[in-house]
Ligand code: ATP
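Just one chain follows, in the form predicted on its own, and it is written as structure tokens.
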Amino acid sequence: MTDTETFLDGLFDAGVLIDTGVEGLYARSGRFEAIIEGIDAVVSAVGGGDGAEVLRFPPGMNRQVFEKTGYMKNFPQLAGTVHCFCGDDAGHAEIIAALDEGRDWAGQQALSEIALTPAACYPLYPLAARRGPLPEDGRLFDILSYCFRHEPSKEATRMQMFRMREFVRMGTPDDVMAFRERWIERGAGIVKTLGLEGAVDLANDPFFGRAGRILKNNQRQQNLKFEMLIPVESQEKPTACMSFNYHQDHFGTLWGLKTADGAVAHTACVGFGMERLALALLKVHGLSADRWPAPVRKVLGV
């Protein structure tokens, strides 16, 4: 049995997570949700005074928006879409027969107008662009969504469906870079508050294919993505629990986001992997929250 399986099995045995029979898809216990709520409150306490507009998104997004982002071109291995039955009585009869006979019934399903949200901020940019040019001081959003990425694994931290809390800044390059630097410092403070140890390191997204290797190199060379790495599954392979991303003018160009003076807006975001932070707490402090250090229990309210 591997170390990662031992940690995941321990979570199952303790009733913290509940196995559904699909790798990376788990039910959450009340104890686990209480930890998530505590983390959410800590993040709000740090960033809540910045005046961000709060938006909460469902786990599905407009498929046309999803396609326009280029996600299928860059990360096809992670994408998920919603398919539905749109047929007639004959098609329904075929589904019933296929189910009874143990055959594949997917041929009677058609691609719907909904894709599963891969990152919490993706639905935000076209909504913001529809409002017209940004105010003089730009815009700041506080968002949260369940997200999906198809990477089944026995690692507890690599869930297929998980929550991402983000703060997204839109404005001039100086504005958004200052935002990101401020949140890198704040992220380190949050990790310390939770009684954890982490380190910020340069990172890249898992772009697919030959072209993806070029994109990975470019992302690193331009210092566009940093992650807060915390040992959860192992000390040798720490887990990315926060990310600090500078998109340059990518989303501004894609969606026509403009600053008050008509220039293409730049964007940046800080993302918190809520389940991963909860799992880090459980790994470091133990599976029984009532035995955690008093300062950590106090700040989380557990």
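Start at 1 and count along the sequence shown; that's the residue number. Predicted model only: the values in this text are computed from it and were never measured.
Another form exists, predicted in complex with the ligand; not displayed. Remarks below refer to it.
**Asked** Looking at 235-243, 47-55, 253-261, 62-70, which one sits within 4.5 Å of the ligand in the predicted bound form if you count heavy atoms only?
**Response** Contact-bearing stretch, as computed: 235-243.
**Request:** Would you check, heavy atoms only and a 4.5 Å threshold, whether residue 151 touches the ligand in the predicted bound form?
**Result:** Taking the distances in the predicted bound form, the answer for residue 151 is yes, it comes within 4.5 Å of the ligand.
**Message:** Taking the ligand as it sits in the predicted bound form, is residue 117 near enough to touch it, meaning that at least one heavy atom pair lies within 4.5 angstroms?
**Reply:** Close contact is absent here: in the predicted bound form, residue 117 is far from the ligand, nothing within 4.5 Å, heavy atoms only.
**Prompt:** Can you check whether residue 159 is within 4.5 Å of the ligand in the predicted bound form, heavy atom basis?
**Reply:** Because a heavy atom of residue 159 falls inside 4.5 Å of the ligand in the predicted bound form, the answer is yes.
**Message:** Residue-level contact is defined here as any heavy atom of the residue lying within 4.5 Å of the ligand in the predicted bound form; does residue 175 satisfy this criterion?
**Reply:** Result no; residue 175 lies far from the ligand in the predicted bound form.
**Asked** Of these, 224, 191, 164, 129, which has a heavy atom no more than 4.5 Å from the ligand in the predicted bound form?
**Response** Looking at 224, 191, 164, 129 one by one, just 164 meets the 4.5 Å heavy-atom criterion.
**Message:** Using a 4.5 Å heavy atom cut-off, which residue among 135, 107, 76, 206 comes into contact with the ligand in the predicted bound form?
**Reply:** Of 135, 107, 76, 206, the residue with a heavy atom within 4.5 Å of the ligand in the predicted bound form is 206.
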